[in-house]
Each structure stands twice: as C-alpha cells, then as structure tokens.
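Okay, so here's just one chain, in structure tokens, the form predicted alone.
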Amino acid sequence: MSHIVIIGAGHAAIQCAASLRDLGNTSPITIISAESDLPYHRPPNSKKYIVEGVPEDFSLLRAADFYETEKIDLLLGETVESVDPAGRQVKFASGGGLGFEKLVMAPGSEPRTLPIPGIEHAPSLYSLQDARDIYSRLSGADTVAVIGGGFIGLEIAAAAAVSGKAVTVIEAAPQILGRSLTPNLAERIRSIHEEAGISIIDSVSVEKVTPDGVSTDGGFIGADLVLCGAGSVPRTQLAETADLEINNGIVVNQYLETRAANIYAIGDAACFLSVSGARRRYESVQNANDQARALAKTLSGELTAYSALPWFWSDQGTIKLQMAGDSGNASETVIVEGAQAPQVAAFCFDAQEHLCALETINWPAYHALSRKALSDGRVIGREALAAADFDLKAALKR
C-alpha cells in the first residue's frame, strides 16, 4: 500500500491528510512537523495571542485524538534535513529517515529576514512559540514600533494598539499594503488606522535596530519593543536539496506535482500554474485548504487540477478586509461606498472589462456574494454592473 509522507503541519498538510481519509484513502500517512505543538490555526497568532497570551486550549486544526482515530502518524519536533527523490527517502536532522511512495511538501512560509544591523532585537511572528515569546515582551512595553506595513505588520500593529500600546508602523514603500491591495482601499485602511491612533511612517529605510528603537534615514523612532512584520518568503530549502524547480516557491503544474515524479507541493510554498496560464503563489488559508483537497483527490486516483477562486481576509482592529479573486492584473477599479462608513467595496476589472476581483472593508455580505459570483465562472462585465449602479446582487439577476 502506498505510503504518503507529508512534510509540514500547517493548514495545507492537515487538510490533505483529512481529505485523504474523507475520500476513503487507507494508505499509511505520516505527517512530519518541526514544531512541538499539535497542529494549530495560525491566524490567531497575530490577531489575538500576542496580546492575550496563548491559552492552553489553543485552536487546533483537528482534535487531539484525530490522528490516532484516523491512523495518521504525527511526528512532532522532527526536522527533515533533505529529500532524495530517486531513493524516495526523507532524511531527519536527528538521524535516520523515512521512505515514501508519494511525498507532499507543505513547508509553508517563514518571516522575511531583513539585512539590517541589530535586526535580532526585532522578533518576527510565525509560530505559536513566537506568539508566546512576543506576548511576554509586549506585556511589559508601552511603545511599539512595527517594521512593515503589509498584512502581518498591520495585524500586529492593530492588536497592539487595541491593547493600549502606542504604535508606530514603519514602511519602506510610499503606501502600506502596496503589493496586496488596490491603492484606494489601501489609503482607506491607512486612514482608519491613523484615526485609531496608530502612527504610520512611509518612504523610509530602516538603518539599524537597537533595544531602544529604530534608526531610519528619516530619524530615530524610540520604542520599548520593536517587532518585524516585513512579510514572508516561501520555505524552499528542502525542495532545493531535492533539485526541484524553484521560482517564487516550489514550481508545480496544475495538478500540484513538481518536476520529480510522485512529489507534490501545496500551500504557501507552492507556485502553481493557474487556469489562466499564469503562475501564482498565494499565502492564505483558503489556498492551502483548497489545494489540499484537490491533491487528495489526485492521490486517491482522481486526477484533479487546482482551479479554486482565491480569496483572502485580514482582521486589523475594527477593520475586516476581505478579497475575492485576483486584482493583480486589474486595469480599472471602481469604488462603491456602503451604507455605514467605513464600509466600501472596490470592483476590479481586467483589460476585457470583466470583473476579476472584489475587495471590501467591513462588508462581509458583499464579499460572500462576490465569491459566489466569481466562483460560478460567469462573466460579469463592467457595462452590466454600471447599468445596475454597481449593485452586484441586482446585476446578477439581469
């Protein structure tokens, strides 16, 4: 019987194992995790745990008895040192190894390391243990500086501000969320944060981090605690040892297979071939779970291409930011105001004037509607939306 080995224990890894069992796949499954905690939900780390502490009953991806019940071997605190595709072996840093017939690489991402003197004084947030460490340091701080104005940096900043800290966000680009969001909504989010008391300094370069703050080319910013939220990078080291193709992640085809037979990659680290023919890599829970479900079907004998609609969310204090679709190639954006500020939606259109993405602030019903509309595969044109005064529900009825 085919032995399936899964490297990693994040959302993609655990969903893949669960889906295999849901499909009736009885193959032996081994999950290898470098962390010592049972597999857990990661979003609470930046939104809750750093300011409230990690509870003993932290949010698990599956109940503690799931692995025994489903006959899944879970190896905690074990690091894979290398992968041998030809010999179908993974080697452990502690010695020994494990053979496989099918290998699923779900290593996730890791915090981006900035080449700045003193960066060791600015911890990053990724794991549950990171959240524990930051909570212990944050509880004794009055002033906090956060390096990075992307999703993770702003989530950390908002959580710290809500807990009563004076927070400064330091961003090298001219705008926060510049690589992730349409400019209008990025500016809206900045205004909301600044109205909540968060200071945002953009267009500056960090030159040095000290225990007392941050030196930038625009001056010194004092802080009791400096945190680094400068984004993340895919974990590709193991894939490199296996001579897999690397390009903004582990390169896979539409079936999530690498160039090595019987080795697959899913989740944050997978750079996949989308239905449009473009290569994409998404860091989101949705992407991880949907790729895992698709791959489980393939591993169970039903060859399945990954084609799910991408969607994302970020909770930042009072802001619920939600995105459906891919706005990366948007040619035009139309802003629609909601009934209760700061409720707003950004309709994103591609070069053919078709709706390709919709971004919302504090408008979950509209987000849900946009996900359904875009997932159905229907073409929604700008002209039809304009005729309905950009009321998406009305336009879909026409």
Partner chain sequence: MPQICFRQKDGSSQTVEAKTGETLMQEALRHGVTGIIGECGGSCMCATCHIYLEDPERFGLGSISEMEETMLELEGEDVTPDSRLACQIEVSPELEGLTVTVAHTTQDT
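Bear in mind that the values here come from a model prediction, so they are computed numbers and not experimental data. Numbering follows the first chain given and starts at 1.
Beyond what is shown, the protein has a form predicted in complex with its partner chain; the following relates to that form.
Engineer: Tell me which of 174 to 182, 228 to 236, 316 to 324, 108 to 116 has residues with heavy atoms within 4.5 angstroms of its partner chain in the predicted bound form?
Structural biologist: Of the options given, it is 316 to 324.
Engineer: Given that its partner chain is left out here, which of Thr210, Thr241, Asn289, Thr79 has a heavy atom within 4.5 Å of it in the predicted bound form?
Structural biologist: Among Thr210, Thr241, Asn289, Thr79, a heavy atom within 4.5 Å of its partner chain in the predicted bound form occurs only for Asn289.
Engineer: Heavy atom within 4.5 Å of its partner chain in the predicted bound form: which of Phe272, Phe100, Tyr264, Trp311 fits that? Just give me the one.
Structural biologist: Filtering the options by heavy-atom distance leaves Trp311.
Engineer: Would you check, heavy atoms only and a 4.5 Å threshold, whether Asp22 touches its partner chain in the predicted bound form?
Structural biologist: Heavy-atom contact with its partner chain at 4.5 Å: present for Asp22.
Engineer: Do Leu38 and its partner chain share at least one heavy atom pair within 4.5 Å in the predicted bound form?
Structural biologist: No, no contact at 4.5 Å.
Engineer: How about Ile335 - does it come within 4.5 Å of its partner chain in the predicted bound form, if we only consider non-hydrogen atoms?
Structural biologist: Close contact is absent here: in the predicted bound form, Ile335 is far from its partner chain, nothing within 4.5 Å, heavy atoms only.
Engineer: Indicate whether its partner chain has at least one heavy atom within 4.5 Å of a heavy atom of His354 in the predicted bound form.
Structural biologist: Because no heavy atom of His354 falls inside 4.5 Å of its partner chain in the predicted bound form, the answer is no.
Engineer: Using heavy atoms and a 4.5 Å cut-off, decide whether Leu61, His367 and Lys372 all contact its partner chain in the predicted bound form.
Structural biologist: Per the other structure, all of Leu61, His367 and Lys372 touch its partner chain.
Engineer: Who in 281 to 295 is close to its partner chain in the predicted bound form, meaning a heavy atom within 4.5 Å?
Structural biologist: Contacting residues: Val285, Asn289, Arg293.
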